[in-house]
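The chain below stands alone and is given in structure tokens; this is the form predicted on its own.
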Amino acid sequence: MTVPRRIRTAVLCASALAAGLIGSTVATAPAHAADVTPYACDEVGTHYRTFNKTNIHIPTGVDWKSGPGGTVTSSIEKNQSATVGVSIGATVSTSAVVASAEATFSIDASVTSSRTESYTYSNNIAAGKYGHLQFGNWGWRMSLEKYTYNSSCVLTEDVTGTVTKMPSANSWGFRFWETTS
């Protein structure tokens, strides 16, 4: 997991202060071009951090149910689409969330993933049970943090939430499960 720069900076400054390196040093401004602001905050802007990834199936079609016992079979031939879902108390850039998730977890995610093609799946059902098949996207659920620094390097927004569904750009298929009724 990558530690956000704002945490690393605070730890380094606290360590330097404890070691007596800050406080007795007089800083002099380095030479700079007229159009460059010295000591600019490199954290300025809005940032996203994703963590705690869990694999999930994002259903996009009908829940086919068959039984008791026997076999359940389904064929799909239409356009299916899975779109990223986010639960957070702030406006978020879904493309920035996808970029953060891809960088953090080395996954191939997308804001919306679509697929059109013919696909058939069949599964045996245990005696006395009902089998279910549902087509969808094999994606992820993860935690999300959105934080913003102003030009004075002051943290002005820090909210957390959940990416309820992050579609995979390339992973589609049926999910099978059994129930007693």
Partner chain sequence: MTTTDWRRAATGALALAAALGLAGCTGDSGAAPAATASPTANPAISPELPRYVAAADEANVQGPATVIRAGARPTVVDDNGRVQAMVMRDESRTTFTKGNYRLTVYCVGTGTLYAHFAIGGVSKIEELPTCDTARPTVSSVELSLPADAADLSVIIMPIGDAQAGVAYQVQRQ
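In this text the structure is predicted, and so the values were computed from the model without any measurement. Residue numbers count along the first chain shown, from 1.
The protein also exists as the form predicted in complex with its partner chain; that form is not presented, and the subsequent description refers to it.
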Exercise. Where, among 123 to 131, 60 to 68, 152 to 160, 42 to 50, do residues come within 4.5 Å of its partner chain in the predicted bound form by heavy atom distance?
Worked result: 123 to 131
For this session: Find out whether any non-hydrogen atom of Ile107 is located within 4.5 angstroms of its partner chain in the predicted bound form, and reply yes or no.
Result: yes
Exercise. Though only this chain appears here, would Asn170 touch its partner chain in the predicted bound form if you measure heavy atom gaps against 4.5 Å?
Worked result: yes
Exercise. Does any residue in 41 to 61 get within 4.5 Å of its partner chain in the predicted bound form, counting heavy atoms only, and if so which ones?
Worked result: Asn55
